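Shown below, as structure tokens, is a lone chain in the form predicted alone; questions about how it binds or moves come after it.
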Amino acid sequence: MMTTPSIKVGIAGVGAIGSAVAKALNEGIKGFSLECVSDPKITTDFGVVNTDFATLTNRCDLVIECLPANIVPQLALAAFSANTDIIFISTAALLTYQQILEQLGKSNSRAYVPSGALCGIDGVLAMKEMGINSAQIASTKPPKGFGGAPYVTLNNIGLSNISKKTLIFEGNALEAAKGFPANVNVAATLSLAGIGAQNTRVEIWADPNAKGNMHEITVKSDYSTLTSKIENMPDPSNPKSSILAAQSIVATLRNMSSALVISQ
């Protein structure tokens, strides 16, 4: 009986999210094998070579992006030049660096966007088929989760001084992506699935009493109203991200190789 060769997977960035995905691949995901990683600050041995973006994208059939938003365009260019497929988890970068999607359209690569720390994307995609009138998301995190965000720095927001739940940003998804590139991948994903960054409203709340990262979305059409709420524990090694983000990538991989596909 002939066996189908495993899809060779490369991971760019093996911090909190990338490490979890690498571990899952090494433990076994049907149809996929970890081929190499790329991270100059690597601290864990995953049993594969650590290389540069060009080598990673040429050696692998599929690349998983787990990078800071400002580095994503470099990986995307390398992947598209090699016509290698890519999974994006830093979806805020797709809004702030528009050349990524422009380059994607000129390549033979295919890009995948997991649901990340969000729920209800399947419903949003279905509603888009009949027309969405409005989409909004309210994200709440402990104040320390917003540390280093450009918007916080620019507006001199004293995160340590916040003593109650406080609205620190309100605007559209593009503005949110620019101001909070490490915090609003969920808002970016919602905008990509729905009515675009300019039309997706975003609220960002800092709550010192929050135990996790919470996202509430409301999407309306002429015929349906979708509301969802999910609360995820922040990753202990990266409070800007939820533990569920890594597992959404793993679920995407398992779904790609499954005989029964349940669409997100």
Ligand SMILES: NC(=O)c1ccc[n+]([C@@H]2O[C@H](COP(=O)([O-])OP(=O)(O)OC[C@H]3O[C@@H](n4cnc5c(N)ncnc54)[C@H](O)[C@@H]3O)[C@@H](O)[C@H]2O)c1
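Remember, it's a predicted structure, so these values are computed and weren't measured experimentally. Numbering starts at 1 and runs along the sequence shown.
Unshown form predicted together with the named molecule; subsequent notes refer to it.
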**Asked** So which of 119 to 127, 157 to 165, 177 to 185, 95 to 103 is the stretch with heavy atoms within 4.5 Å of the named molecule in the predicted bound form?
**Response** 177 to 185
**Asked** Can residue 18 be called a contact residue for the named molecule in the predicted bound form at 4.5 Å between heavy atoms?
**Response** yes
**Close approach of residue 203 to the named molecule in the predicted bound form, 4.5 Å, heavy atom** = no
**Close approach of residue 53 to the named molecule in the predicted bound form, 4.5 Å, heavy atom** = yes
**Message:** Contact with the named molecule in the predicted bound form for residue 208, defined as at least one heavy atom pair within 4.5 Å: yes or no?
**Reply:** no
**Asked** Ok, 89, 149, 86, 190: which has a heavy atom sitting within 4.5 Å of the named molecule in the predicted bound form?
**Response** 89
**Request:** Using heavy atoms only and a 4.5 Å cut-off, decide whether all three of 14, 40 and 71 touch the named molecule in the predicted bound form.
**Result:** yes
